[in-house]
Every structure is written in structure tokens, then in C-alpha cells.
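Shown next as C-alpha cells: one chain only, the form predicted alone.
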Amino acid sequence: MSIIFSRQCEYAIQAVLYLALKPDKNMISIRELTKQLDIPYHFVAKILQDLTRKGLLVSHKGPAGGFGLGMKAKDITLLQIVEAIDGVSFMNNCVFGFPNCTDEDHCAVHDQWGKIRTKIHEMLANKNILEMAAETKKVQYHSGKQ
């Protein structure tokens, strides 16, 4: 599990990345996706529905149905996926969980965490799925096999 994102968000990022590497207009079944990525079927089904409601994915029912990207991979940022699943409250919250951590009344790492938050936000907002798909080396994303 990552330090910042929930397990749901991790799976969402992995699923969208997998879909980005498939030919355009190719619908991928949840079964194929979960088998290739080795993630739980029922858990991912809800995540994919959430991403579909947010417009990041499209879904079609039936034998040739499944899920696909709802927009071009270059137009989907990591920030959009994180917002859709986890929200971005971690960008405003104190790293220690203090309810009122402000510039005037702050915790011991307030300034350092602020710089890290800014860098994280920049990375999430500036990194799109097309770039990530091109840069990933994970075998299951490229060969369809694990």
C-alpha cells in the first residue's frame, strides 16, 4: 500500500494505466483486467463504476462490453484519478492530523510538509496517463501476461 493513496486509489491508477495501453475503442472486461493485474474483482468493479461516473472511463454491457477510457489518455491526469477516488484532502491536511495547522499556529513539520505537498500536487497535475503508460516497465501492462 502506498503512503499517500488508499488501496482503492492504487487500483484505480493501475486499472486506468492498463486501459491506456490497450488499442483505442477496445473494451476490456473486469475479469481480464483483474486477472492481469492480480487485483480483487468485486473491489475493482466498484472503483471502475466510480471512475465511469466521473467520466474518466466508459462502460458497455454485454458480451463485447467492458471498460475503456472515457477520454484520451493524454487528457487524464493522475490528479483526476486521485480526486475521483480519494479526494485531495491530504493536500490541505496536517501530516500529523492536527485540525488547525496554519502558518500562524503550526506543527513541527508544517513548512516541510507544505513543500512536499506542493511537489506532490505538481506531479499529480502534470503527469498524464499517456506519459505513464509510455514510461512503465511492468510486464503485465505490455504483454498481457504476468
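In this text, residue numbers run from 1 along the sequence as written. Everything quoted here is computed from the prediction, not taken from an experiment.
Keep in mind that the form predicted together with the DNA is not shown, yet the notes after this line are about it.
Annotated contacts: R7, K46 and G66 all touch the DNA in the predicted bound form [non-hydrogen atom within 4.5 angstroms]. Though the partner is left out of this view, H121 does not reach within 4.5 Å of the DNA in the predicted bound form, counting heavy atoms only. The closest heavy atom approach of K35 to the DNA in the predicted bound form falls outside 4.5 Å.
In the predicted bound form, K54 stays away from the DNA, with no heavy atom inside 4.5 Å. Proximity of N26 to the DNA in the predicted bound form: non-hydrogen atoms within 4.5 Å are absent; the residue sits far from the partner. Only one segment in the set 73-81, 103-111, 90-98, 26-34 has any non-hydrogen atom within 4.5 angstroms of the DNA in the predicted bound form, and it is 26-34.
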